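Taking the form predicted alone, here's one chain by itself in structure tokens.
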């Protein structure tokens, strides 16, 4: 656990920061700010219960690379490089293992049409100068013997990681507690006065009156629901939308897979992320259906059908959980991280499928913005003010 020597020397003049949202992005930002000497409070009625609860935890920028999204790829690569130090610091603070897995990702295809998709992705990586290793079917099965012999293509991406986001959230909560950061079980909204943000107003609840809490800076990190926060000059409702994802957790004996497997199966995409304890996470659907968190029979069937086609033994695993949550997506696939144009008001929202990947970089950007320090590289591409209300849609 954290020793007194590890704790920041908080001075009376240290900035007071309210973080709205207790997902992995909000908690990591709060932890970074507290370590930098800020006096931090977090407001969330269900910390870690949103998209972070469902996320598979892939730290995989090259797997996610897409044509025309070079800014997102650059930010993802930068944040992936931060993850090992982020994990070590969290382990040092809490005395518990983050269990960061660094065994890489294997891309596979179920037929020749799907192999063409994998080939196009590999060609993109080649063009961008990113490492990948083409494998034949036999070579892929030597790495992962549980793969179906019917697969017809394989590409190994060695420099990718995965982590259990639920574990990371638990450790972040413990780390915040060791630094004296209070996580308050309520939602709140920014409080504006004289054209600047001066704090937050909490939501009322049973036995819990409305409360005004002063703050020098407020960080809105409330995921897709941030679109309901009215910010002067920044149109979050236009920028952020909920994107539904259904995901499964299966359990068997450890060792079925040793690395993340991402597959294209008759045009559909599926991933399988193994955990050291025998859990296998299978995901995820991507449904633009508004605010809908129902788990559907069709979604579960689609995921299991594709997963079994890739790893037949999946059919014998225990289905322990089916979950649906809403990702905070943006119209340009880049998150909004930084100052809003209203003094004292910042946002860290819209991370879409890349919330876990981009967590360490987001925390750095938030800390620099609050302390008026130089921004990390790639922060400019995440500038929230590209969605300023007076500008036209991107």
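Remember, it's a predicted structure, so these values are computed and weren't measured experimentally. Residue numbers count along the first chain shown, from 1.
We do not show the form predicted together with another copy of the chain, though everything after this point is about it.
- Only one of 288, 316, 126, 214 lies close to another copy of the chain in the model of the complex, with a heavy atom inside 4.5 Å, and it is 316.
- Checked against another copy of the chain in the model of the complex, the residues 150, 92, 196, 301 give one hit for a heavy atom within 4.5 Å, which is 301.
- Although the partner is absent here, residue 131 lies well away from another copy of the chain in the model of the complex, with no heavy atom inside 4.5 Å.
- Although the partner is absent here, residue 210 lies well away from another copy of the chain in the model of the complex, with no heavy atom inside 4.5 Å.
- Under a 4.5 angstroms non-hydrogen atom cutoff, another copy of the chain in the model of the complex lacks residue 82 among its neighbouring residues.
- Shown alone here, residue 305 lies within 4.5 Å of another copy of the chain in the model of the complex, counting heavy atoms only.
- Remark: of stretches 172-180, 137-145, 257-265, 317-325, the one touching another copy of the chain in the model of the complex is 317-325 (heavy atom within 4.5 Å).
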